[in-house]
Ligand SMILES: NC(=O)c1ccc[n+]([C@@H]2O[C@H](COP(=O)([O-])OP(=O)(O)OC[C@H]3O[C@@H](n4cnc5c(N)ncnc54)[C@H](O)[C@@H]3O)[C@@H](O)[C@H]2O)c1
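Only one chain is shown below, in C-alpha cells, and it's the form predicted on its own.
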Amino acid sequence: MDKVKIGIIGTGYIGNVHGRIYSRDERAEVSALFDIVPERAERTAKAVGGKVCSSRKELLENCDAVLVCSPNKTHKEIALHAIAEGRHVFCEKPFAIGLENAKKLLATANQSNKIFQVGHNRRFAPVYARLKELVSADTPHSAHIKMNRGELKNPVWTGDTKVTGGFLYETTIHLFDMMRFQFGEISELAAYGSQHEYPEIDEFSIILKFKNGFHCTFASSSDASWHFPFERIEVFFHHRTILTEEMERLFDSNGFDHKTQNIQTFSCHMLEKFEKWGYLQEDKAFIDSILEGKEPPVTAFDGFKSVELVESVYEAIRTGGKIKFD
C-alpha cells in the first residue's frame, strides 16, 4: 500500500503537532512543507521530514493531502485552492471567517470527491468521548459551559482580529462545536458581550436552547487568568451531575444523598498530550477516511455550523435580540 503523502501549509505550533504525529504513522509520509517564513519550514523538516517548498503550488504538486495549518483568515482561500487541485483537505479550525466565506467553502467541499475534515480536536479527546457516551445513555436536562483564556498576548497574533477573525473564532469555537457534538442542534440563542482588555468584544455570556428541549449557559472570557480548568462542561441530569476538567478528567456524581452518592472518576492525566487532546485520534481518522473512502468524523458541514454559531453570537450582541435557527 502506498503511503498517503502529506503536505503541511503553515509550520507553526499546530503544523508541527500534526507533522510529528504523521511522521510516526506507517500509512503516511510528510512529503512537503510550506510556510511564508522559510526558516520555520526548514526547522520542521529537520524534525519530521518533507521537502521545503517555495510556494503553495509546489507543495500541491508534491502531496496527496493538504493540512491547512496557517492563520485563521487564510483557511478558506488555501482550502479552495487545494480542493481545486484535487487534494484531500484537513482544515484546522476555524473552517472559515464569516458566514459567506463559510457557505462558499462548504458548497465547494461538498462538490469534491475528496475527503474534507475539519480540525475540531476536542471531539476526539478521551474525556469528551467519555462524556458523549454518558450523555447518550441518559437524559440530560441542562448544562453550564465555560471556555476562558488567560490572555491574548502569547503568541501576539491571538489578539489580532485581522488574523483570528475575533476572539470567538480563536478560542471559544472549540466548545461551540463541542455543544453540537454532545447535545444536538441549537434552535435559538441570546448573547451578551462587553469589551475590557482588547480592541474587540472579549467577554461573553450566552444562553442557548436546543431543538430537543435541552438548554445551557455558556461563559467565555479572554483575560480570566489561566486558572485550572480553563475549560469545563457541567451537565445536569435527574439527581446526577457530570463535569469535566479540561482534557484531564471527568467526574460523574450520581445520587441525591450527599452521604451515599456515588462518584466515579475518569482520568486521562497519564496520557501523552497528543492523545489526551485528541490530535492523535483526529489525524488517524483523516487517514482512515482517505484509505477507506468514508466520510470523515468532522465534516465541512460541522465546520460550517461552528462558524454559523460564532456569527450568530456576534449578531445577537449587535442587535440585542434572539437568534433563531431553522
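No experiment lies behind these values; they were computed from the predicted model shown. In case it trips you up, residue 1 is the first one in the sequence shown, and so on.
From this point on, the text means the form predicted in complex with the ligand, which you will not see here.
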Item to check | Joint contact, Gly98, Gly165 and His196 to the ligand in the predicted complex, by non-hydrogen atom at 4.5 Å | outcome: no
Checklist entry - Which one of Leu291, Ala47, Val37, Ile263 is close to the ligand in the predicted complex, taking close to mean a heavy atom within 4.5 Å? => result Val37
Item to check | Option touching the ligand, based on a heavy atom within 4.5 Å in the predicted complex, out of His174, Arg180, Lys114, Lys146 | outcome: His174
Checklist entry - Heavy atoms within 4.5 Å of the ligand in the predicted complex: which of the stretches 183 to 191, 198 to 206, 67 to 75, 251 to 259 has them? => result 67 to 75
Next on the checklist: So in the predicted complex, is the ligand close enough to Thr11 to count as touching (4.5 Å, heavy atoms)?
Outcome noted: yes
Next on the checklist: So, Trp226 and the ligand: in the predicted complex, are they within 4.5 Å at any heavy atom pair?
Outcome noted: no
Checklist entry - Does any heavy atom of Trp157 come within 4.5 Å of a heavy atom of the ligand in the predicted complex? => result yes
Next on the checklist: Although the partner isn't part of this model, could you tell me whether Tyr279 comes within 4.5 Å of the ligand in the predicted complex, counting any heavy atom of the residue?
Outcome noted: yes
Checklist entry - So which bits of 89 to 105 sit within 4.5 Å of the ligand in the predicted complex, heavy atoms only? => result Glu92, Lys93, Pro94
